Ligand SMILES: Cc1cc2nc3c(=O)[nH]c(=O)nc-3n(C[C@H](O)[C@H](O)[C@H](O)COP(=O)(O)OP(=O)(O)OC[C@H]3O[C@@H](n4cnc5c(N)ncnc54)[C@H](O)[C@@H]3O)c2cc1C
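Given next, in structure tokens, is a single chain: the form predicted alone.
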Amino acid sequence: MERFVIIGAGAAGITAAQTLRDFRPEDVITVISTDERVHSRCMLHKYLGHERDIPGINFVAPDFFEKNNIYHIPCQTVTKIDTQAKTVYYGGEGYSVPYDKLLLATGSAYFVPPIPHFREAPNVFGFRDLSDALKIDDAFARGKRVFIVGSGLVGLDAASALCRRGGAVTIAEMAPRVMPLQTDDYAAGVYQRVFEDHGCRFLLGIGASDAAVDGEGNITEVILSDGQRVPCDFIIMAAGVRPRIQLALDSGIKAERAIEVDDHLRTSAPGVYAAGDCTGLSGVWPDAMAQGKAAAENMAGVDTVYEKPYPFKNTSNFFGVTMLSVGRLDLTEGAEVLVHRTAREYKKAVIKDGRLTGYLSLGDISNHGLYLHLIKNGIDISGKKDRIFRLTFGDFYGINEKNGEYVYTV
């Protein structure tokens, strides 16, 4: 009988736990998590907006651990891993769990830049975990003026939730447009207008340089780089995240910007694997689940090679405006850029050397799997450019020259 320990109860950790139980029905599985409850990071804005309660953002059944005979140790932080003795310590090293195979699914954390007072102020929050959402919810009950740093998906998630509740939300973004990694100027303009219609204020191409604080160290005004002063009751940092690697580093497991893994998601320590945001391979929920599944299969003895995901893909839906963004929209030098725009939808394709390198669809994101497939695999579409926005998998059927079968040619 083997002992499996998983650190983290997010998408990667929970998927790994379920996969291990499927393959190893009799072995011991333990999950250690800092949060009390399992929750979907993608649904945090639903809780913050009071559209769902805490049980409503759980992505597994309430009896998941009991039903699968998995030990769950909640509200505990792992402080040390002894990779020689194969032991995990938690609770100030007062408690320990031995393992035969270990999975690090520690996720990522928000980053606070070295702006005066920002790192010390008690009213500066991230928006990555349920604990963050609970703190923001408490702060919002005392003051409705919100300053958000960053207009990416995390920042807009928080903004949309608090706007729905009547917050006075200001969003500062260093780039000249909102969602700079996922949009172009037109799509960004659509999202900016819909947020402004719901009460948001944007400060683009500008950042915070200082802050004014009260007697308790809370930030009461954000001072911008051009001298503007923006009053606020609290701040949400949404301008960047970092993989949680400190535990790995402290335990002698190789990591730099992220925990290093091979194509089987093994770390540098024998019997230790990693999956999810902490690997730096992707920050997308389905990819974290896929990594958790692959890592667990390898831990269970099923040889599984994990193919690295395509890094640039996102879907979003704010105030009923949906968008798909795949690939690199900014790599247009030497490329052909095709645009389709009507009153109801906007589509953009970037084609280079006969291959799709970027695709954006605003308003209609159906058939998105095909466009991701075309970009990820570098498939030649030079003969199909005239109908690039109407493609289906059916366009890639053909006759197999050897046996005459009707098959996909992609």
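Sequential numbering from 1, following the sequence displayed. From a predicted model like this one, the values you see are computed outputs, not experimental measurements.
Although not depicted, the form predicted together with the ligand is the subject of the following passage.
Q: Can you check 332-340, 169-177, 256-264, 279-287 and let me know which stretch has heavy atoms within 4.5 Å of the ligand in the predicted complex?
A: Single hit among the candidates: 279-287.
Q: Under a 4.5 Å heavy atom criterion, is A17 part of the interface with the ligand in the predicted complex?
A: No.
Q: Please tell me whether any heavy atom belonging to A105 falls inside 4.5 Å of a heavy atom of the ligand, as the geometry stands in the predicted complex.
A: A105 belongs to the contact set for the ligand.
Q: Would you please decide whether A275 lies within 4.5 angstroms of the ligand in the predicted complex, comparing each non-hydrogen atom pair?
A: The answer is yes: A275 has a heavy atom within 4.5 Å of the ligand.
Q: Indicate whether Q76 is a 4.5 Å heavy atom neighbour of the ligand in the predicted complex.
A: Close contact exists here: in the predicted complex, Q76 approaches the ligand to within 4.5 Å, heavy atoms only.
Q: Please identify the residue among D364, D380, D27, D35 with any heavy atom within 4.5 Å of the ligand in the predicted complex.
A: Result of the distance check: D35.
Q: Of A294, V154, V222, V149, which residue is found within 4.5 angstroms of the ligand in the predicted complex when only non-hydrogen atoms are counted?
A: Going through each option in turn, the one that passes is V154.
Q: So, a 4.5 angstroms cut-off on heavy atom distances: do all three of G49, R164 and V194 pass it with respect to the ligand in the predicted complex?
A: No: no residue has a heavy atom within 4.5 Å of the partner.
Q: Just to make sure I understand: among 2-34, which residues lie within 4.5 Å of the ligand in the predicted complex, judging by heavy atoms?
A: Contacting residues: I7, G8, A9, G10, A11, A12, G13, I32, S33, T34.
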